[in-house]
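What follows is one chain in structure tokens, specifically the form predicted on its own.
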Amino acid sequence: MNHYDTIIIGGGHNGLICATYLAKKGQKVLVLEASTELGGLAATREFSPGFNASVAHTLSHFSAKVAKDLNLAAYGFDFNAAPMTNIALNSDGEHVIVEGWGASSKLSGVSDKDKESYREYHQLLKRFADLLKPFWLKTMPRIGHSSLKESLTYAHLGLKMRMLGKHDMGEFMRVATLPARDLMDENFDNKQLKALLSWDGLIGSKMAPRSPNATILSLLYRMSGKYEGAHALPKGGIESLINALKSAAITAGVEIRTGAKVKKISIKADENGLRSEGVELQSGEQLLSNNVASAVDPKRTFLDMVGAENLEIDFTHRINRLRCEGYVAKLHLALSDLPKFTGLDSLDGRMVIAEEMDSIEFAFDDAKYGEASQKPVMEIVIPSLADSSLAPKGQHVLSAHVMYVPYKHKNGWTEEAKAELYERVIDTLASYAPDIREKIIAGEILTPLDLEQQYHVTGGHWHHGELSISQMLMMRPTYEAAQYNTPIPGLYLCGAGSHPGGGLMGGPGHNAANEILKAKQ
């Protein structure tokens, strides 16, 4: 029977990143992926004959360090594409457009006052994002149990805060926990601009503009990327990133098995206590390893694969209480041609349908009571403009994240309920692109429940758990598991449910690999 140094459960980007770092240090590593394709929510799949898409449809904060460390450019990952234009759509064609990135962005459709405010706003947020940036790729020490070396992480953070100066340090402490609505109202007049700028602090979460729970911290997290939070599509699309990660892993010596669903993590009990010793596959095959690193979500890891019988009851309760109900549905449309959006000459940007923050808030209110929004808000891209392989020649794919769609529908997600949601979303799109229905060849909408079932993610939550104050930094996903190691010796977490969080960033895989390697020293 083969014996591995580390078995990674889950072949998403974090699992592949963790595996490659370990293999480059000489470990014998096996990656097990339940699906037939690698990539998790970033996997490209055919949703209609000849038309392909992935749930994750842009990059905003993928780690430049990870890309360099793993030499992803050598495997075809080229992330030098210009950032996408951000467009707040208006049904009358009077759009607000943010072109470029950073404080030098060119804004149109807003007043000169808002243009100047935007520069000041972005400069301030960039200072705050730069303050936090180094800590996304570090293990956040456990409070009260830190070695001198670990305590230096907090000392480093404190020093960087003091270097902001008294005024900006106070502003950081105030702004970091503000509701998005308050921050936008303080800085801007234009309703569309405020909705557009609040979007990246909210997308993927169970929060709305009035929610006072780390939406600005989420925004600062996304601003850690190359273009300070601006989105881009690499040449070859999202698939180019996953293919590069796969190639880098194989070159480093990682063994990869797809269609290999893990039934449970094998736990050995002896006079020294409990320890993971490998995994058992759904097929019954037993695989042995010194370490197991799970890139799947914490609930699935601990409750389904480890089992409550191997965990302290208080820890089990904390895992049970993790908030991980998804609120985003995914729309894919196969189009015979590009639709015409009123007032837009080019569709190669990221388009947001949310004409004011109240539109987002009201959509959230519907979802709180188990209903899909009567007036959906959404983010739209045409990824086939960057990657022509996604659709037959001359045809296109439309990809949209639709907020807010509850994981638990009050009447259950029946086919009728899904069909009603799909028609409502298409009706909304038609208000901005009147000819879109005649261009649709096929379409699908994936609710959070569908995402859970198809991608093995509890609650269908992008981030494997809410990015909120109680589930971030040294508390992600919960104490006793927030430093990648867990109450079970030899078992680690390396997925989006760990610090720093979700999105195509790579921090959890990078940080977990460091902890596994440190444990060997």
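The structure displayed is predicted, hence computed values, not measured ones. Numbers for residues come from their place in the sequence shown, where the first is 1.
One more form of this protein should be noted, the form predicted in complex with a small molecule, which is absent from this view; the next part is about it.
A single residue from the set A53, L491, V29, V457 has any heavy atom within 4.5 angstroms of the small molecule in the predicted complex; that residue is V457. Only one of 32 to 40, 63 to 71, 483 to 491, 45 to 53 lies within 4.5 Å of the small molecule in the predicted complex by heavy atoms, and it is 32 to 40.
Among residues of the shown chain, H401 is one whose heavy atoms approach the small molecule to within 4.5 Å in the predicted complex. Taking the partner from the other structure, the small molecule in the predicted complex has a heavy atom within 4.5 Å of a heavy atom of K261. A512 falls outside the set of residues with a heavy atom inside 4.5 Å of the small molecule in the predicted complex. Shown alone here, G15 lies within 4.5 Å of the small molecule in the predicted complex, counting heavy atoms only. Using a 4.5 Å heavy atom cutoff, none of H95, L193 and L467 lies near the small molecule in the predicted complex.
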